[in-house]
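What follows is one chain in structure tokens, specifically the form predicted on its own.
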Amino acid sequence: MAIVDILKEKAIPYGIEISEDLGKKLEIYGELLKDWNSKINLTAITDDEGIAVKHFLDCLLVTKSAEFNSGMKVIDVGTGAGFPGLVIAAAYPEVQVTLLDSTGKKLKAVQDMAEKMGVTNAEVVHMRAEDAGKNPDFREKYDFATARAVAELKVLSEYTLPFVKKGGTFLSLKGATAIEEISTGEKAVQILGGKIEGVDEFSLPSGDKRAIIKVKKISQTSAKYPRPSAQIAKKPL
């Protein structure tokens, strides 16, 4: 069974419909992901069902937690192999998506995959998040920031919230530790101008627990954030 056929079947209970256009793009993505992964380490998940469920369906769950409208801007911080940013770009051609990562090799793969998928609304940016977060071209310019499996919320918030405009939202894609991370990360979120609005919890067909923490940006982030990465790691907010 093709990756997209697995995805279509597994997405039904979640109320997620895979259009013909999105299906074609994701089928190409899945095949290219396997090809690129033979050259550089992008993912440990390389079987078709794993790609369909643990990558594509997992990323599409953000559509249950947020509404992406035409003209909106999204930044995916630490995009890695393009998750969830490239999936969002494929699903919403009218939304502008920035795929940010500090690893050039991964971005080369992501750029190639985006081009061959026919995704024209995504740009790759090779920068460290703490540098881009200080850059006026990126700072507080986005309706949404996303991050998947990058760091704990108390650390991750400092890398992501500086990108989000007032009134925008940071969507943190997490696993089973989400509730614990909310309790330890709430202080950092508040310092950075955010407020935890809630968490949407899911179980994938595989049984793996997933959660999306929704952080609303209610005030501007102080100019002193983000700090250098060494400081963020040594002394989280």
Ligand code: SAM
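A residue's number is simply how far along the shown sequence it sits, counting from 1. Everything numeric here is computed off the predicted structure, so don't read it as measured data.
We do not show the form predicted together with the ligand, though everything after this point is about it.
J.: Hey, of 110-118, 72-80, 88-96, 133-141, which bit sits against the ligand in the model of the complex at 4.5 Å between non-hydrogen atoms?
T.: Single hit among the candidates: 72-80.
J.: Answer with yes or no whether L161 is in contact with the ligand in the model of the complex, where contact means some heavy atom within 4.5 Å.
T.: Answer no; every heavy atom of L161 is more than 4.5 Å from the ligand in the model of the complex.
J.: With the partner left out of view, is K106 within 4.5 angstroms of the ligand in the model of the complex by any non-hydrogen atom?
T.: Flag for K106 set to yes.
J.: Taking the ligand as it sits in the model of the complex, is K165 near enough to touch it, meaning that at least one heavy atom pair lies within 4.5 angstroms?
T.: Flag for K165 set to no.
J.: Does A122 reach the ligand in the model of the complex, with heavy atoms at most 4.5 Å apart?
T.: Flag for A122 set to no.
J.: Which residues from 97-116 come close to the ligand in the model of the complex, meaning a heavy atom within 4.5 Å?
T.: The stretch touches the partner through L100, D101, S102, T103, K106.
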